[in-house]
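What follows is a single chain, given as structure tokens, in the form predicted alone.
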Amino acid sequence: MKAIQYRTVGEGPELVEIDTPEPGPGQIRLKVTAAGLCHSDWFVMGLPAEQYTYGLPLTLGHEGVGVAEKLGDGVEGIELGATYAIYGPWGCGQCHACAQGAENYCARAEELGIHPPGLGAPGAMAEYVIVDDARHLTPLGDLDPVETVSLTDAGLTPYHAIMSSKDKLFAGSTAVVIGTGGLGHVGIQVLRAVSPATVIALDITEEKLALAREVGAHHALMSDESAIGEIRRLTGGRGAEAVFDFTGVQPTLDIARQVVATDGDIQIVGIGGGLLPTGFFSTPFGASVRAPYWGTRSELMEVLALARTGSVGVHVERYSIDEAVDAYTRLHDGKVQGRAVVVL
């Protein structure tokens, strides 16, 4: 089968031919219909050899949708021929977090060598993918696989961050979204769907700010020092009750620190490598700083429910698997508008 793999540290992804995998006991083989590209893939491929721990070769793709095509022994509750979305942050299924469906915070995954597809386990950027357990599949129903696949990360991750700050998003509140790309443009829609907050979006190009306005931002500002004073002006001087940084580089974290309100939340979603000191004389009194990771199984169901109502959608650029390497180059160069999806 065709697959997109990372095979050499320091190099980019490659299109290769590999054997079609067979499902073991309890496993499900999906015939992949769509797989999403993510900046996290480039984060992994950009790690130096001494920090790279994901194994080689690595089939990429932690956003996946496919048709259940073959079941391993003992699998129950999965219908052959039905379409499923893959819940990516696999856990042990037995710890306290996993018992709540929060496998994204599994206490034992690292100890047991459990890795997400595309981030340690073979991913969905291939014609077939193995899913380790039926609980990691969510029925897609009548949703379009290509339009939906990125919601498994680009929808689930902002939804999880936003819902964990829900108590700050009251009527009259303000939420700032920094970075309106793959995750941020979905985050704006989630905010509009689940809260009455005024949404202020920040980015570095007019094209991305136009997308932010299109998907529901009340205000769209250039992401520079001028945004700090403008956000203070728009909020009557108090700042934003919640700031969601989908970039995570040092300049955006510096903006987040200066615009968050007293007792507000800063959610660092992006993995840009910036660091934010917190405490007296750094962040406002009562302000919380959090680095959320992915989301829970039930939250994925909720995100897909929002998609069914038309409240949340993804701006998609479509590519064939033969074009996937070029798509990764476009993603690396910041040329993708919204989310890039490989259609199989």
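Keep in mind it's a predicted model, so treat the numbers as computed, not measured. So that there is no doubt, residue numbering starts at 1 and follows the sequence shown.
The next section is about a form of this same protein that is not shown, the form predicted in complex with nicotinamide-adenine-dinucleotide (NAD).
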query	finding
Stretch in contact, per heavy atom within 4.5 angstroms of nicotinamide-adenine-dinucleotide (NAD) in the predicted complex, of 92-100, 187-195, 225-233, 241-249	241-249
All of 36, 83 and 148 within 4.5 Å of nicotinamide-adenine-dinucleotide (NAD) in the predicted complex, heavy atom check	no
Listed residue (123, 264, 179, 88) with a non-hydrogen atom within 4.5 angstroms of nicotinamide-adenine-dinucleotide (NAD) in the predicted complex	179
Single option in 271, 163, 78, 114 placed near nicotinamide-adenine-dinucleotide (NAD) in the predicted complex, where near means a heavy atom within 4.5 Å	271
Interface membership of residue 294, nicotinamide-adenine-dinucleotide (NAD) in the predicted complex, 4.5 Å heavy atom rule	yes
Distance check, residue 131 to nicotinamide-adenine-dinucleotide (NAD) in the predicted complex, heavy atom within 4.5 Å	no
4.5 angstroms heavy atom contact with nicotinamide-adenine-dinucleotide (NAD) in the predicted complex for residue 40	yes
Contact of residue 327 with nicotinamide-adenine-dinucleotide (NAD) in the predicted complex (heavy atom, 4.5 Å)	no
Contacts with nicotinamide-adenine-dinucleotide (NAD) in the predicted complex - residues in 133-168 whose heavy atoms fall within 4.5 Å	153, 157
